[in-house]
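Before any questions on binding or motion, here is one chain by itself as structure tokens, the form predicted alone.
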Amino acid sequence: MARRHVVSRRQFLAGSAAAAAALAARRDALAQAPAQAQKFHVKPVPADIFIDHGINQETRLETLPGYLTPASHFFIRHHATPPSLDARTWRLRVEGNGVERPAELGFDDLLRLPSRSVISFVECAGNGRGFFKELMGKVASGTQWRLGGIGVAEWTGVPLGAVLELARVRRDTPRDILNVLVEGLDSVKVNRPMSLAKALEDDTLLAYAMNGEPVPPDHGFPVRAIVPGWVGISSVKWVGRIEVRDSTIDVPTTTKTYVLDGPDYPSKVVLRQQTLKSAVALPWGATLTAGRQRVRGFAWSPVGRIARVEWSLDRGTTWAPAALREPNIARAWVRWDFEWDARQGDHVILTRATDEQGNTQPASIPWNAQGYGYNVPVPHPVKVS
């Protein structure tokens, strides 16, 4: 079983009322701040950190300074502009025929519940979509991400299961179907169901802190869902409502979007888990000087730690092992690197990852109309001068 990297409430707050007060003070400062300083985003999105996709912003992985992704560098995936929310008046409703006692909580109610910290990636379901066009020659609809639609952070909040317990989930509610709907307070009310089993996992959170600070507006202030290992749409931002039903919940994000649809899919497949990937932390089409170079990057899996990363300079004819650097956290990522005696000319670097459950990046995948799940080893172009 994959190890989970979690921190208890005692470890996170160190038993300090002052720490909780500081979090509340920063929360209140955010609540009073202007909701939007730009058309689509609240935080700055400079071109040296992000690849501009309009409302969406892709992180340049080569700019990441360490293991955790700072909020300033965390990719942005919006369906609408961030709503202007005040944590002091924010409310969360928990309802549906799958609960015995519907509940409503304020932000302070949430803070009083036992908390948990989890280090996990959040990744757009379409991360890697651009390669369907670049490498397969067939365009898929949506933002043409390369591999920067991902970030890893320490998320702190309340296990979703603890909130569902307050509403007394009925014991006969099925656990394997998509029947726990989480809905946002943005203008389009983005929502996505998950299974009750997933909702009750210890590290499925309603998060109010990101890397020890209140979750920023672009990333779901005051509360967002964190659903480790599942596609990013499941980690709904600006959460305001949870519905539990005794039957499958069908919404557009499971019937029209976030499904695998194409010639190789006779019936649409609803996306749940992310896919295993690796990425080189160099600009696309990077230029390096000849000589000894250390090439680094990231690899991640939705189901466990990374067991190995391999690299190739001959388009996969031969492979060599890269060094893995701690930490190596399940459902987060690992940093890897290798030494390369770079010679002048044009090169491509391929990397492939294998996780502790034996899953390896595939040599090919079928096309799908919305461009999800691209995780074939990518030939990253590099020019050595």
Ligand SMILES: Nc1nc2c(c(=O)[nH]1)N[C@H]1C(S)=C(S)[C@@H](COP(=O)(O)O)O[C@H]1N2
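Owing to the predicted nature of the structure, the values given are computational and were not obtained by experimental measurement. One-based numbering along the sequence shown.
In what follows, reference is made to the form predicted together with the named molecule, a form of this protein that is not presented.
Of the stretches 88-96, 303-311, 213-221, 108-116, only 213-221 has residues with a heavy atom within 4.5 Å of the named molecule in the predicted bound form. Think of it this way: in the predicted bound form, the named molecule has a heavy atom of just one of A153, V236, V280, L160 within 4.5 Å, and the residue is V236.
Out of the listed residues Y208, F298, F121, F74, F74 is the one that sits within 4.5 Å of the named molecule in the predicted bound form by at least one heavy atom. Although the partner is absent here, F131 is not a contact residue: none of its heavy atoms lies within 4.5 angstroms of the named molecule in the predicted bound form.
At a distance threshold of 4.5 angstroms between non-hydrogen atoms, R272 is out of contact with the named molecule in the predicted bound form. Looking at G142, you'd find every heavy atom of it more than 4.5 angstroms from the named molecule in the predicted bound form. Not displayed here, the named molecule is approached by G232 to within 4.5 Å at the level of heavy atoms in the predicted bound form. Annotation for 183-215: interface residues with the named molecule in the predicted bound form are G184, D186, V190 [heavy atom within 4.5 Å].
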